[in-house]
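You are given structure tokens for the same protein chain in two forms, set apart as structure 1 and structure 2.
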Structure 1
């Protein structure tokens, strides 16, 4: 029987799916064990137990100087920047995307500008943002906005253009004005797409956030990771990495659930 037709049975599939994770864990544990045996003060591959202990300390014990739990402060600061940037981008892309998709004049005006804009690597603009907006919150939020708005706008505009011509024509023969068509015909149909765009863009948004925080900040998840790198504090870094991944996963799941709840008419809509 061809390999192509060999299908693992149910428990086999679960086992296979778990395999890479298990292997990774085992490999790490063994490597960590070997290094620690050779040099008990080695910090490069801390034992899993050390990581767990560090994680517990980070989540619960306040900093000696500030009396605050740094991890929670970092999380709140980073999430605020992330939400701010993504929220502004979503709003901008919705408005401009609708305009480009519906109005030929807006299409002529914006589309090539946005196409050129999307070719500029946003991180290269970060130094300019720091110079113009200073090292504060603004430049971090603006970096996220610059980074993800062009993509979201182009995609939403495309989606508006994909709305069957007949729907727009029918609305016109039924007496709808441009505003009514935008708000009652086009907008509801691109809202689900907006959410899926936000989900897709969140990965990039995290990148911009971490980059900005790494370069200049005094609080935030990205700042902390790059700060503790100097002390080779692998246990702290790994805790933060896992925590960020978990946050990303939860946000994605929330958005997916929202989309399914809010737009039940979406799948296979004609």
Structure 2
């Protein structure tokens, strides 16, 4: 049997999925052991046991001054900014994408502008956003919106344009208005793509969030990482990085589950 036709069974698939993570952990453990053997005070690659102890402390012990658990405060602040930016981006891209895909006038008005806007490096606009919106929450949310909305909008608009013309014509023949066509014909077909776009854009959204928090913030996951870097606290930094990765994975899994349950017909067609 050709390799292309071989499909692993369920236990084999789980084993293969876990293998890269196990290899990464083993490689890190070996590298850390080598460095610590040569220099026990080395801070670059703390031992896995040190990271585990640090994680337990960060998740359970309150700060001496504020009497609050800083990691949870940072998590709540960062997730609020992330959800706000991604939520606004999803809404904007949905509305504008529908308009560009269905309305020729809107296509002429917005298509080129969105294409040009998607070429602007969002991080280059960060100083401008701080000047215009200040150093508070607004500038961080706006950076996420500017960073991911153009790409999501272009993809959704293209998906609307790919809807078979026969469906649009039949809807008009039955007397459907433009609003009805948008809500009953186009919207159900692009909602699964919207969720997919959000999933694909989460990595960029986290990047913009961490960058904004590192520059100007007093709470947040990105702020804490860049705060402790001056002390070479790699155990804290790695704990935060692992926690961010876990949060991103959970959000992605929730969106995937939502898409599978809300649009089973989409999953069946893949």
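Between two forms, the rigid core is defined as the largest C-alpha subset superposing within 1.5 Å. Positions refer to the first chain, counted from 1. The structure presented is a predicted model; accordingly, all values stated were derived computationally and were not measured.
Novice: Deciding between structure 1 and structure 2, tell me which is the form predicted alone.
Specialist: Structure 2.
Novice: In whole degrees, what is the angle of rotation of the smaller rigid part relative to the larger one between structures 1 and 2?
Specialist: Smaller part versus larger part, rotated 14 degrees.
Novice: Fit the two forms on their core, then tell me the C-alpha shift of residue 7 between structures 1 and 2 in angstrom.
Specialist: With the cores aligned, its C-alpha sits 9.8 Å away.
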